[in-house]
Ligand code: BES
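In structure tokens, the next block holds one chain alone, the form predicted on its own.
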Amino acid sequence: MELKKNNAKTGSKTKILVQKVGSKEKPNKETQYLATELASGKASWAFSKNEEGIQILVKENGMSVEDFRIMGFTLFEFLKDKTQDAEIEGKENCILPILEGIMLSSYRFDRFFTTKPTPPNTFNRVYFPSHISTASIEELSNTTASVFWARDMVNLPLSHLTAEQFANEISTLLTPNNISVDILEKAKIEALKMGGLLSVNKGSIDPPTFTIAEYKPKGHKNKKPIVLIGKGVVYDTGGLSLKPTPGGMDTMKSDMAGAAAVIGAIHLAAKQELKLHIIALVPATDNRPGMNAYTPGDVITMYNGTTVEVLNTDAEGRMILADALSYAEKFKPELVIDAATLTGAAVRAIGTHAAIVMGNAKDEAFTKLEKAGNEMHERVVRFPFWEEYKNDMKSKIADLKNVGGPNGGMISAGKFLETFVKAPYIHMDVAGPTWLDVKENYKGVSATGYGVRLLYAFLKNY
């Protein structure tokens, strides 16, 4: 989908006019009809198609930003096989989120079809009014590109996205954008003694990677970097603690959605030239039951020397994140945020409509993250982080065990991770909103790209 500034000389376009109730423009019969529809109280907006195009009427105070995004999705669905170009008019606070909804709705993952699905999207260009700033449109275009990259990565199967391939995809995306990328291969990971990452990888024929991406613009405002860490399990069978199928393993190519989110966010921050020093870390591997797979009962020595008793090889995400969290200390960060599809408990607790967050960072950081989530409608719900939950992770034969009790598993997992990080810390369990089995408006189906817009909005207003 392409966005272009309106030019009256261009050819025929479907015209979209967005007006608020009580607009000073002289109402026509269509507007009067729509106003009657709104007055019924059944909806906050109404639209109709006539010979001139599409007319939309909205209540003055009845629409949220998210409502406008969903309006954009509705317009896209209506126009996708009916028109090539559209021209939209209205006030900026209406038009921008509508355009965002249209743009995010235009995503397609069809690279593996030998014959592209029909009908193809013929709606591929929107002309926006001249009073919308070019900077706003550029930010929207960059946001869409970063979200689509994250969706692509999560949608790619293991046959096309091993840990090494994922690291190369990250490098290809980031290096043209003033971001340095260092990919640590297995020999270096072994030299660093990253026991968590290495143990999870023992069942795979494909080697692990550990990717370090650093964005450090001139004049950055933070003296210490913000470190983003993403779980990069490119496929999770559960290891020897094998997941059931169908229903448990089928969608586990999505287990690196946390890594896709943090990379998408640092990419967008660089494209928008945010004056922040940001580092992203991605430990990556698949988790399989083959080769010399790690087993329940094993005791693993982690990067920071902590010993962990493995009771469930399907609790692998925390094993690789622990090494990354410890490694982050070398950068002396002022804040560490990880994003991980970590627990089924998180999904059972709040479903797919938000991520669960917790940690020991100051309340101000959580308030800003929650505000960013509400602004982007990538919402977060803060859970308690009491010390008692750490008791569930104490082992009888090692410093820690990798699973706790039957209850509150998303919190005990967070407390496990906290022991590996010294800086102020926020843990995001994004297992719910990063993948949808059923299409949901502009978020689509399968990979949603959740977390890219959230983390960017947080960083932008940091």
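The shown structure was predicted, so the numbers you read here are calculated from the model rather than taken from an experiment. Residues carry their position along the shown sequence, with the first being 1.
What follows is about the form predicted in complex with the ligand, which we do not show.
**Student:** Would 255, 315 and 343 all count as contacting the ligand in the model of the complex, using a 4.5 Å heavy atom cut-off?
**Tutor:** Yes: 255, 315 and 343 each sit within 4.5 Å of the ligand in the model of the complex.
**Student:** Going by heavy atoms within 4.5 Å, which of 277-285, 155-163, 126-134, 247-255 lines up against the ligand in the model of the complex?
**Tutor:** After filtering at 4.5 Å, what remains is 247-255.
**Student:** Counting non-hydrogen atoms within 4.5 angstroms of the ligand in the model of the complex, say which of 91, 353, 82, 243 makes the cut.
**Tutor:** Of 91, 353, 82, 243, the residue with a heavy atom within 4.5 Å of the ligand in the model of the complex is 243.
**Student:** Would you kindly say which of 423, 426, 65, 403 lies with a heavy atom within 4.5 Å of the ligand in the model of the complex?
**Tutor:** None of the other options qualify; the answer is 403.
**Student:** Answer yes if any heavy atom of residue 323 is within 4.5 Å of a heavy atom of the ligand in the model of the complex; otherwise answer no.
**Tutor:** No, residue 323 is distant from the partner.
**Student:** Is the gap between residue 365 and the ligand in the model of the complex 4.5 Å or less for some heavy atom pair?
**Tutor:** It does not: once the ligand is placed as it appears in the model of the complex, residue 365 has no heavy atom within 4.5 Å of it.
**Student:** Examine residue 417 and determine whether its closest non-hydrogen atom to the ligand in the model of the complex is within 4.5 angstroms.
**Tutor:** Residue-level check for residue 417: no, no contact with the ligand.
**Student:** With the partner left out here, check for me: in the model of the complex, does some heavy atom of residue 236 sit within 4.5 Å of the ligand?
**Tutor:** Contact check for residue 236: yes, within 4.5 Å of the ligand in the model of the complex.
**Student:** Just give me the residues of 415-440, first to last, that have a heavy atom within 4.5 Å of the ligand in the model of the complex.
**Tutor:** Heavy-atom contacts to the ligand in the model of the complex: only 431.
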